[in-house]
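The chain below stands alone, shown as structure tokens; this is the form predicted alone.
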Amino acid sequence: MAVQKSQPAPGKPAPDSTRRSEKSRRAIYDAALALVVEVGYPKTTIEGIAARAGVGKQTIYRWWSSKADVLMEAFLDLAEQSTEEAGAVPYTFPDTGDLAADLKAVLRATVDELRDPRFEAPSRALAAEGVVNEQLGRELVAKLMQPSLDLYIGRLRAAQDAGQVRPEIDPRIALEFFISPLAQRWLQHTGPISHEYTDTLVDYALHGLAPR
């Protein structure tokens, strides 16, 4: 005797597997980010994430190959949500015609993000793991860093077109005057990071150190 599949009761919608998967994915993101903050990256495990999210670990392994992959995707999602909450358009760079003001605005927002407890622990975890895990490091650059670096390059090239930056300047090198000192301070705790600090970076980079 053939077994017939049960049909949804009249008037009751069938379960939406897409919504169920999205709910599980969101729970996994939240669990991964929360555990990294609470216990640190080394003690965060797939099993711990699964238990916290209320899913089986096979569910996680179906979508990701490692906890690093989970954390990276969760962090990217967090960044997108933060951008939406702020009412900003993702992957854009202000161009008011005032290069210094635009750079200062973006760097101030970066400082705020780096000091946000939601971002700090996962950011540091990914940065540290990317140093010892070459594959993760490459993905970190491609997915997290390069889109932002491209925006800096585009804004500096626009400034070159406007005659605000010398035409022979390489934008890819020039952006390191802003990015690298901030990253070093943040990663190695060599000094405080603040709006005043990044404003000064912009002033030093654009005006140089020699007497005028």
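Residue positions are given as counts along the sequence shown, with the first one as 1. A quick note: this is a predicted structure, and the numbers were derived from the prediction, not measured.
One more form of this protein should be noted, the form predicted together with a further copy of the same chain, which is absent from this view; the next part is about it.
(request) Go through Leu187, Val39, Leu151, Ala51 and name the one with a heavy atom inside 4.5 Å of a further copy of the same chain in the predicted bound form. (result) Checked against the cut-off, the match is Leu187.
(message) Only one of these stretches, 168-176, 66-74, 23-31, 53-61, has heavy atoms within 4.5 Å of a further copy of the same chain in the predicted bound form; which one is it?
(response) Of the stretches listed, the one contacting the partner is 168-176.
(request) Look up in the predicted bound form whether Glu85 has a non-hydrogen atom within 4.5 angstroms of a further copy of the same chain, and give yes or no. (result) No - in the predicted bound form, heavy atoms of Glu85 and a further copy of the same chain never come within 4.5 Å of each other.
(request) Report whether the minimum heavy atom distance between Gly137 and a further copy of the same chain in the predicted bound form is within 4.5 Å. (result) So Gly137 counts as contacting a further copy of the same chain.
(message) When the contact criterion is heavy atoms within 4.5 Å, does Arg115 count as touching a further copy of the same chain in the predicted bound form?
(response) Close contact is absent here: in the predicted bound form, Arg115 is far from a further copy of the same chain, nothing within 4.5 Å, heavy atoms only.
(message) Would you classify Gln164 as touching a further copy of the same chain in the predicted bound form, given a 4.5 Å non-hydrogen atom cut-off?
(response) Although a further copy of the same chain is absent here, Gln164 would touch it in the predicted bound form, with heavy atoms inside 4.5 Å.
(message) So the CA-CA distance for Gly137 and Val37 moves by at least 3 angstroms in the predicted bound form. Closer or farther than here?
(response) Between the C-alphas of Val37 and Gly137, the gap narrows in the predicted bound form (3 Å or more compared with this form).
(request) Compare the CA separation of Tyr41 and Ala121 in the predicted bound form with the one in the displayed structure, and answer closer or farther (the difference is at least 3 Å). (result) Farther apart, by at least 3 Å.
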